[in-house]
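Just one chain follows, in the form predicted on its own, and it is written as structure tokens.
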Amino acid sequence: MSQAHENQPELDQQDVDRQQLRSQVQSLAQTYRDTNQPLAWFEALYASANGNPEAIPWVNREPHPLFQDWLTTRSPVATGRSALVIGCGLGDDAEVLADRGFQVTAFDLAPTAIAWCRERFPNSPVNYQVADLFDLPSDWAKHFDFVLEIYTIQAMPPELHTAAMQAIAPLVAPDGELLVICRGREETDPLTGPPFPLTRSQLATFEQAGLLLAEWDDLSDSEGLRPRHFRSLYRSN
């Protein structure tokens, strides 16, 4: 038997485990949505993980590969520039920005996630904060030279997507940039989640909020191993 065939059952079990985890997360999110607490499930999920990162479906303990690829190919100027990471999770994307030389603030709605970040990176220069995207400090408006949004919007129920984008856009400083990475879909695709993939027309909300679309990538794995993703860069006037 070839090595590929020997490994196949393990890969199949990993797929099963991922699907089971996704189903559990969707059930948890729906439970809180039904009680008019559509964002409270984030803290519930992090708390129930009991320090096990594998219980958080979007955690890889490394920067998101599509973000890492963008950093490598674009090499953005970091010295003297501030950065904000939306919904930072366990902090890997924030840390790579700090390693590049950005002055990084990273926030998450879940206190357990922020405590976890501080435990993972006790000597980090990143300013980790518990904060609500819909109730951010007023002095964050137009403050950050680089804003990073990966997966936060799509984790929210669809009725909050537009408001989330409208809350993110004003954080970008003049001449600043916003990078967004999310799962993508066509308007006619079925919508289940979380995650709830976004359409290109939905992402146009950032342009309607005053940002300019500078880069657009429609990405999918040629072998079908990764869902379709959009990676878009916006600039502020």
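These numbers come from a predicted model, not from an experiment. Just count from 1 along the sequence shown to find any residue number.
We do not show the form predicted together with a small molecule, though everything after this point is about it.
### Query
Heavy atoms within 4.5 Å of the small molecule in the predicted bound form: which of the stretches 172-180, 41-49, 199-207, 28-36 has them?
Selected range: 41-49.
### Message
If the criterion is a non-hydrogen atom within 4.5 angstroms, does every one of 87, 107 and 156 touch the small molecule in the predicted bound form?
### Response
Judged in the predicted bound form, 87, 107 and 156 all sit within 4.5 Å of the small molecule.
### Task
Let me know the one among 96, 131, 71, 115 whose heavy atoms come within 4.5 Å of the small molecule in the predicted bound form, would you?
Of 96, 131, 71, 115, the residue with a heavy atom within 4.5 Å of the small molecule in the predicted bound form is 131.
#### Entry: Candidate from 150, 83, 126, 165 lying within 4.5 Å of the small molecule in the predicted bound form - any heavy atom
Of the listed residues, the single hit is 150.
### Contact label in the predicted bound form: residue 67 to the small molecule, heavy atom within 4.5 Å
No, residue 67 stays farther than 4.5 Å from the small molecule in the predicted bound form.
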